[in-house]
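In the form predicted alone, a lone chain appears below as structure tokens.
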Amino acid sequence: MNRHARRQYIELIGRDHYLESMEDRLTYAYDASGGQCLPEAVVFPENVAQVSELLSISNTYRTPVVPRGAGSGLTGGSVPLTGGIVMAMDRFNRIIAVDTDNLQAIVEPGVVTSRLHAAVEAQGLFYPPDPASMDFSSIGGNIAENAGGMRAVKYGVTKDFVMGLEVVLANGEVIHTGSRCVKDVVGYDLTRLFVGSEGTLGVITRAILKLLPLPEGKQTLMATFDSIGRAAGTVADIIKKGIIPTTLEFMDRHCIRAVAQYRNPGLPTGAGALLLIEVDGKRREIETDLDRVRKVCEANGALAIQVAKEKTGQEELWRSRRSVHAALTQLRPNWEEEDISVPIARIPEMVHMLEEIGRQLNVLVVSFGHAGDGNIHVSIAARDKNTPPENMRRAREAILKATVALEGRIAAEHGIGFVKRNQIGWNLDENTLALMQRLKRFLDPNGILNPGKMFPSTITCGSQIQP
């Protein structure tokens, strides 16, 4: 690192908030993707003025800057590929306001998502985005990745609840996008530009979030089926009937057995698949909607249907769903993850193709996720010792290509990062991708913001961790 830049960083934020020991750098070298690259230092700004000056210094000396929330991303978004500094947003942890009159919250990016949920629900309000990582992921990371969650089928994803942002650009300029008004067509919609930009265009320092009234009640239904194909067909039929549940999740037989062994022995281990369906809203409407869902499940050959009306039973079912990733380690210690989406009506075809890919390549392909919005999480592992290592790579490539063939997207809610950067052109035509790259160069001409992410690149880890 340039010695002048280092001196200015320390003078600006203080020695206590500038870390450069090997132990500290190791702590911020990775995220949940498994990628590991050492930064040269880690900085902890406290306010927007410090973020602005840190970026101005970095831009002057061409020092790479990687914004970091909780480090829970699965595609390497916060891995510092080219060294430089990791800008950890831990100190931006205030819920500035919960506005019950206008149904809004103003928050800093370091606020943990579940903490915001609790704060607004205590005032009878509701922030719907609920990524599986909500107990430790941050709002800033959710915005940077456009996180979804189980309730997206009814309520939408993070971008649908971001009304405005305060963002610091690569040169240190501070801009404000959107507003607190529900209707606002003053200028370009820059808010949507920054949501999902993975820290490549600017650093988010404040967000205005839309809230909703807290639903009066909810009930959860679990339906089991003899095959994943029947469960997938049921999902398509539920949506076709015009029923929009709050959540519509599925787990295949491998997930069921793993979770049953891991934490919930009451799950039906003999089933080929299960659906978890939640309905919320006014109490008088819930029974009607749930009855409609039950009839569709029965028409599709459900083996059993169980309704959890009380909070305790509901929470147990959802804890089981959220524990899938951890539970799968009971089957295999190492998994590779994919996060795809397809049009809802094509879920049955996608599930069939996943099974075929697994059979052809002797790879264990496990699927679960947010079936109600077409988002399928796929976990891949060697089926046995006869599976060639090369088959894992081939399986991942086959899954993404099958997704594209069904008009799907290679990333649904986990982002592109560096894991899928060289496949982004599978979904985007040449002119569209080129426009995105021009926008990146315009806002970050020196390429200091999160280098090597999102767009095709040969950049590899500049400072690898030695075993």
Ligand SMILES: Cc1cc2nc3c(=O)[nH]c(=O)nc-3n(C[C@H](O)[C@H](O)[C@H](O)COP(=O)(O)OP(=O)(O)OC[C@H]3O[C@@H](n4cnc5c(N)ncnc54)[C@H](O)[C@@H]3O)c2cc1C
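Just count from 1 along the sequence shown to find any residue number. Treat the numbers as computed from the prediction; the structure is a model and nothing was measured.
We do not show the form predicted together with the named molecule, though everything after this point is about it.
Contact annotation: E278 falls outside 4.5 Å of the named molecule in the predicted bound form, judged by heavy atom distances. Put simply, S78 is close to the named molecule in the predicted bound form: some heavy atom of it is within 4.5 Å.
The named molecule is not shown here, and in the predicted bound form it never comes within 4.5 Å of any heavy atom of R346. In the predicted bound form, the named molecule sits beyond 4.5 Å of every heavy atom of D252. Partner contact region in the predicted bound form: 191 to 199, out of 191 to 199, 208 to 216, 312 to 320, 260 to 268, criterion any non-hydrogen atom within 4.5 Å of the named molecule.
Contact annotation: of the candidates G374, G84, P128, P109, the single residue with a non-hydrogen atom within 4.5 angstroms of the named molecule in the predicted bound form is P109. This chain appears without its partner; in the predicted bound form, the one residue of R115, H325, R332, K159 with a heavy atom within 4.5 Å of the named molecule is H325.
Shown without its partner, the chain has P131, A132, S133, F136, S137, S138, G140, G141, N142 in segment 129 to 143 as residues with a non-hydrogen atom within 4.5 angstroms of the named molecule in the predicted bound form.
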